[in-house]
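The chain below stands alone, shown as structure tokens; this is the form predicted on its own.
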């Protein structure tokens, strides 16, 4: 089989934000190791005029590339989808692929209504998301311990090991109240958890990281400092892991895991309930 690189443009076309098309399309296309992509998202294609503009854009790309692009579409309106489907491209219509078989199986026609997934009509989901994000932001990096008992999960570990982005992903994607608390040298010298965490052990989840990786991350923020030195990173990681073992805190290694993997694993292992979609 030819392993030469394949260069191709991909368009993620949606009548709303394009998030679903992006995630599905990217997941599918990254299965091809030799595929070099130029990815473009075309959101809010919710009229025939916008559809024609999108087609012109896609056709111009096809002419410039000398090969037809790939379209991943989550357009709910069949007329708009048909218009975009006329572009000089491989058109993959997620609604036709998934909705039509579901309609046949359920004996019921889908609404094909624009904006069912990501909009403000589902006001309960919207407020749950905003509430969880606000909670996570106000309980980031141990800024406050007020209402810490209301957290669904509290991530602990050394500074810059990935706690903040993981917490934000948990709140944005799952509606989870996620706080985080960094261990500092005083915690290591006392050989025990900070007092604000001692009664919340069942909510604690630890992150660790390879010292060399931590050294590189910290050096970008504070180069040539004792904080970012490899020796200090090695010591902090060693002390943090020892503290978490003593306290029986479950730990995930964030060195080679994405934020998505970390968050999903925490949801599963901590048996947290997803509150939003």
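Positions refer to the first chain, counted from 1. Just so it is clear, the structure is predicted and the values come from calculations on it, not from any experiment.
The following text describes the form predicted in complex with a further copy of the same chain, which does not appear among the structures shown.
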Quick check for you: of 37 to 45, 225 to 233, 238 to 246, 56 to 64, which stretch puts a non-hydrogen atom within 4.5 Å of a further copy of the same chain in the model of the complex?
37 to 45
Heavy atom within 4.5 Å of a further copy of the same chain in the model of the complex - the one residue of 82, 184, 143, 102 that qualifies:
102
Does the 4.5 Å heavy atom contact test between residue 93 and a further copy of the same chain in the model of the complex come out positive?
yes
How about residue 253 - does it come within 4.5 Å of a further copy of the same chain in the model of the complex, if we only consider non-hydrogen atoms?
no
Even though a further copy of the same chain is not shown here, does residue 165 get within 4.5 Å of it in the model of the complex, heavy atoms only?
yes
With a cut-off of 4.5 Å between heavy atoms, is residue 76 one of the residues that contacts a further copy of the same chain in the model of the complex?
yes
Just to make sure I understand: among 20 to 49, which residues lie within 4.5 Å of a further copy of the same chain in the model of the complex, judging by heavy atoms?
20, 22, 23, 24, 26, 27, 28, 29, 30, 31, 32, 33, 34, 35, 39, 40, 41, 43, 44
